[in-house]
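Single chain ahead, written as structure tokens, the form predicted on its own.
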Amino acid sequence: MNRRKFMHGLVSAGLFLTPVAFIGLRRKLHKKRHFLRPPGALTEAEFKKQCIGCYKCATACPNDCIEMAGFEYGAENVHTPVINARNRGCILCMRCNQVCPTGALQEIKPTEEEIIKNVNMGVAVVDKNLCFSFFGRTCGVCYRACPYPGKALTVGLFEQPTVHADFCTGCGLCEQACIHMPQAIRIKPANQA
């Protein structure tokens, strides 16, 4: 059997087109994938122009929350810093933006006032259809994980969380801590709003 007949047989059986369709679907899904940039990041377009993929921000991070994107984040994002909040949220130490050599990450002083004013990685969004606290079961894990409880996140009856966007930095610590699977609180990244 020659190669042409073999390929014709694969196409006829649908075995060739299935992997090709799957690869195309994966590319579409990854383009829509949401991810966070480290604190102090410029707007997405400017960030991509400035970032040189030097890994300094990832190396400086004491919480090891910054990872350098691979192809799973899309080819245009390869070797740029991303934070996957479900794996590990940002502790807002500001070391990453202190070592950035290009200004892709703008320096922010590590004080509560400066962080709340200048860090906009995204905003937490609560899914009331998933959150245990909205079904009469007290949880409050997200509230206790928040670096600014009472400001960025408040709780009501049964510790039902309410996010206050003016104070939420999008650090992802609430998403990381959420005990519900899939998580009932997620960060909507600023770069994809």
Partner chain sequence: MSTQKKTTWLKLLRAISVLMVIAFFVFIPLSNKYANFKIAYNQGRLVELSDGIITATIYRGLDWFYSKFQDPVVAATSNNGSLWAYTIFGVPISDPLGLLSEMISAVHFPIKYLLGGLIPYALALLLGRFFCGWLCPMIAINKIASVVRKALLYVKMPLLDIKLPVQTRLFVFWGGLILSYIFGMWTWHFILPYISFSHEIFSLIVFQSFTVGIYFLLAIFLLEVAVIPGQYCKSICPTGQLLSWIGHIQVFRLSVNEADCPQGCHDCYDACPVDLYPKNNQLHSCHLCSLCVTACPESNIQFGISSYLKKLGNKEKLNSTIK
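Numbering follows the first chain given and starts at 1. Note that the structure is a prediction, hence the values are computed from the model and not measured.
One more form of this protein should be noted, the form predicted in complex with its partner chain, which is absent from this view; the next part is about it.
Margin query: If the cut-off is 4.5 angstroms on heavy atoms, which of these, G150, P62, G136, G156, is the one near its partner chain in the model of the complex?
Written below: Only one listed residue qualifies here, and that residue is P62.
Note to self: Check Q98 for me: does it contact its partner chain in the model of the complex (non-hydrogen atoms, 4.5 angstroms)?
What the structure shows: Contact check for Q98: yes, within 4.5 Å of its partner chain in the model of the complex.
Notebook entry, point to check: Given that the partner is absent here, does V163 sit within 4.5 Å of its partner chain in the model of the complex, heavy atoms only?
Noted result: No, V163 is distant from the partner.
Next item on the list: Give a yes or no for D127: in the model of the complex, does one of its heavy atoms lie within 4.5 Å of a heavy atom belonging to its partner chain?
Entry: Contact check for D127: no, nothing within 4.5 Å of its partner chain in the model of the complex.
Note to self: Test of understanding: in the model of the complex, would G140 fall inside 4.5 Å of its partner chain by heavy atoms?
What the structure shows: Contact with its partner chain, no.
Notebook entry, point to check: Can we say R144, Q176 and H180 each have a non-hydrogen atom within 4.5 Å of its partner chain in the model of the complex?
Noted result: Answer is no for this spot.
Note to self: Using a 4.5 Å heavy atom cutoff, which residues in 134-149 contact its partner chain in the model of the complex? It's fine if the answer is none.
What the structure shows: The stretch does not touch the partner at all.
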